[in-house]
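Single chain ahead, written as structure tokens, the form predicted on its own.
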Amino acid sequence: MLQEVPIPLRSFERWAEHATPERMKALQGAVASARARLQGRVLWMVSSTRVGGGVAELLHALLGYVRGAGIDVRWIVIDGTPDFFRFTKRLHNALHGVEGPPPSDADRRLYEETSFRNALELASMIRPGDAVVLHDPQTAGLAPDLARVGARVVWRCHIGHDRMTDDVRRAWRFLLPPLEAVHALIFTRRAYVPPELAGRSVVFVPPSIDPFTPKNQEIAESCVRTILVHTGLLAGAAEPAGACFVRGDGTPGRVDRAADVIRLGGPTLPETPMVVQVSRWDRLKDPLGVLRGFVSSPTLLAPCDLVLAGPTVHAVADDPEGAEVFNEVVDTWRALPHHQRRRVHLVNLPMADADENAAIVNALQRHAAIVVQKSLHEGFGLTVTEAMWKARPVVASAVGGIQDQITDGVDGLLLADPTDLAAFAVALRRLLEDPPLAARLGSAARESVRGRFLGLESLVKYAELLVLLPT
């Protein structure tokens, strides 16, 4: 049932390009201590998917450096039925404060049985003293059985809500019993920790990006344009050898696949400003709100196009709502008047090759005049971090971890109320009509990410936590 994800070897010495000597020394010291602590043991990372979403992005970005540092790290993806992932999606939404039915006895049986089957297979490979990091609600149920075979178990929660609503409280009541078995917990924000976990060993680690991955590496403007032309997102002629990038393992790559685009007319002209949101097809990302806010403003429709892009809807195993949400967006788009439809492009990005997908997203974000993340709820929002690193002006909702990344008017624009479509349209017009402001926000955004949200900091904090785990 379990799937092991290959991890390429990477040297963390390359981080010297973006870090001070003091920060590099701190990384080297922390990694040396963790390596000594794990001598002869394995560090297991367990998630619910290898592609799509922030958790997969983080693991792809960081684990190569852990292996390159001489630590035996392995990445395991659990298995589950569609019913299991439908339920864990409800649990995920509830932790974000979304209203829904409470977990039933049947839900608990399904969750426990699926967790037990996955834990049983993983436990056959684990030895006493191995460290296991479980990611998000889908994997929390494995904790008791893995702890019983001698693993040192950590649970990493990437999501949460700033207020303890009834739905959030019910979700935590469901998760707390298996979490009794963990030795430490990692949260993104202090506000996400429920009162019941007060007094436990809790570490706070904000997500981060790797500037060397295909999604975030520097690429020339000619390459950006060629990738977008080849995938069908931009009009023009593609250079035969221009759609190239460097893969995560350091080997050359090329964008060969086209995107699946729903639109009226042809691709966007290169000179037309592009407003872009790249996210899963998820109601919490509010693609319908982005669409409606954009078309509600005649002054936006005249000078620019909107691109709503996400992964191919059947490619993300742990998100069964993707196709349903995408179809809702398509139906809303089809109901628009002709002149509005022709300025909106709905894009399913190819997922057969994860590095190729990342390179397309990189090009799309770099070409964007404005990057949007109008989430209704958000654990952190790595797409915001990615766009900021590329010096793009960002318009995003003041929710969850986005608030930790953007200071309104300094390195981006925040929407106090993500449902206020008029305010959303005003923010977009403000940036389109004031290029110097857009450039200033983008430049400040890149420096903010350089100082706070590159993967170096996550590597140090993970290493320090591993040293503190019981032997």
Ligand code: UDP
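On a predicted model such as this, the values are computed, not experimentally measured, just so you know. Position 1 is the first residue in the sequence shown; the rest follow in order.
The protein also exists as the form predicted together with the ligand; that form is not presented, and the subsequent description refers to it.
Taking the partner from elsewhere, R280 is found to have a heavy atom lying within 4.5 Å of the ligand in the predicted complex. Of the heavy atoms in F380, some are within 4.5 Å of the ligand in the predicted complex. Although the partner is absent here, A143 is not a contact residue: none of its heavy atoms lies within 4.5 angstroms of the ligand in the predicted complex. A residue is said to contact a partner when one of its heavy atoms sits within 4.5 Å of a partner heavy atom; P311 meets this definition for the ligand in the predicted complex. Across the options 69 to 77, 179 to 187, 222 to 230, 357 to 365, residues that bring heavy atoms within 4.5 Å of the ligand in the predicted complex belong to 357 to 365.
Only one of the listed residues (D305, D210, E386, D286) places a non-hydrogen atom within 4.5 angstroms of the ligand in the predicted complex, and that residue is E386.
Checked against the ligand in the predicted complex, the candidates G64, G412, G54, P418 yield a single residue with a heavy atom inside 4.5 Å, and that residue is G54.
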